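Take a look at this one chain, the form predicted on its own, written out in structure tokens.
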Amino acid sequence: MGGLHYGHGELIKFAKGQKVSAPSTVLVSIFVNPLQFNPTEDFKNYPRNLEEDCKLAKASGADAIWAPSFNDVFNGGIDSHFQLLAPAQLSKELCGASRPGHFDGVVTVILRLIHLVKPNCLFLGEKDWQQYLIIRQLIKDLQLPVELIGVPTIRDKDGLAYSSRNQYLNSAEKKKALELPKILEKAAFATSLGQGFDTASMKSELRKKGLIVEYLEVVDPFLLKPSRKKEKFTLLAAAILCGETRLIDHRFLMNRKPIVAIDGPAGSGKSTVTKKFAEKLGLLYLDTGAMYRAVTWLIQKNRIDIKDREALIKMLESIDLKLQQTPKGEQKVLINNEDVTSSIRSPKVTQQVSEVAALSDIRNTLTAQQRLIGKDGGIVAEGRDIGSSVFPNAELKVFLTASINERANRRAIDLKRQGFKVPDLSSLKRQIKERDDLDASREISPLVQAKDAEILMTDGMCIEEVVESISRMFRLKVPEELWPTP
């Protein structure tokens, strides 16, 4: 819309730094869209300084700037073109309640711009989260061939979200406006500690500071309806008038960091993919399969009969199982202070691990330990019941799978790499099929696809492609503002 500022510069830099196509070109469009203004809003006085906008865009890394006239976008006038209606479910809440037709104007011009420019990716700031959601729905419903990528809200050193409208504020008004990000941050901090807050008191406090509160609500972050306690995280959204200037802001409220649960059968590539994805996001990698393998290894080492429950319970009482991250990002598995990272991948352990994992005492012990590790979130966990049993409230659940032929080939490569004898492929396929049947039929935490899990068939995909697919899924479930910084 023009009036570019530091926040826009960071948006351009973010887009420039993404490897979305080869060669990658970043185009900045500058178009003050009259369809977004209702009769009570001042279209004529909206900040316009194309020369300064171009300087900032170029300095931030833009390769090209497109600043079309209204006739360039709507040749022959708006009456010569279709106009869209934004979905009422998303457009009538929050800002839409006081700005009728605003989001209709947004989606109409965005669709026109996409058709004219034909970009691979569209980068939008998450500051206007409602607008971001509506444009995402537009792309999904019309199956537009463009990927939408959000960029976290950029704030100045005092915490005020950058906005073209900030230039309307005088020094006294800016001081008042700072009360909004301060009070939103207090609510977010209270939530992170598991504490509550009162929106009525927050509104009252803002009014005492001389601000007019248009809305301040806790809503479902994707439906924009009043939130329910069972939601994984919520959105605290606000709009105020500071003098004559309307400002919006928000915070995503979460009492723990995001959790990604990756389930799937043996040989589907869970360990490799989970490790790479955790590294990309800067999350902790939790290999639950390694935990069951380590216990299986210990049972075999001590020659414990798995039918001897008393012996198993005694072993579990004194077990010391640790997953450690090396400086190079590799995972070490230690059990009773012995490094078993390589030993647990042997065919002997593989052959018995499903049977051991089906034992209730072992499963209960390790599940409790896994939940303790994931109590504060910030993990990517993989296994065969992570999304269905261990972390049922994970923000993203992925059921990673592959055909038996693909998994047998991967298993053969893995065994050869580790120096183990490689059986013929028919034997490997039979073993994998038997293990699938055992995992799926066990009474306790069987291998199943969670109802809300995304299925990903990985035949013919390289690791990087699988990781990128999961990243796209994660982006749909978790706003960029909640992504950890690697």
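The model shown is predicted, which means the values in this text are computed figures rather than measured ones. For every residue, the number given is its place in the sequence shown, counted from 1.
Heads up, the form predicted in complex with cytidine-5'-diphosphate (CDP) isn't pictured, but that's what we're talking about next.
Only one segment in the set 104-112, 79-87, 355-363, 309-317 has any non-hydrogen atom within 4.5 angstroms of cytidine-5'-diphosphate (CDP) in the model of the complex, and it is 355-363.
Across the proposed site, 220, 475 and 479 without exception lack any heavy atom within 4.5 Å of cytidine-5'-diphosphate (CDP) in the model of the complex.
Heavy atoms of residue 386 reach within 4.5 Å of cytidine-5'-diphosphate (CDP) in the model of the complex, making it an interface residue.
Of the heavy atoms in residue 410, none are within 4.5 Å of cytidine-5'-diphosphate (CDP) in the model of the complex. Contact annotation for residue 257: none of its heavy atoms lies within 4.5 Å of cytidine-5'-diphosphate (CDP) in the model of the complex.
Interface membership of residue 249, defined by any non-hydrogen atom within 4.5 Å of cytidine-5'-diphosphate (CDP) in the model of the complex, is ruled out.
Taking 216, 183, 396, 266 one by one, only a single residue has any non-hydrogen atom within 4.5 Å of cytidine-5'-diphosphate (CDP) in the model of the complex, and it is 266. A single residue from the set 345, 275, 127, 203 has any heavy atom within 4.5 angstroms of cytidine-5'-diphosphate (CDP) in the model of the complex; that residue is 345. Using a 4.5 Å cut-off on any heavy atom, the one residue of 424-438 that reaches cytidine-5'-diphosphate (CDP) in the model of the complex is 435.
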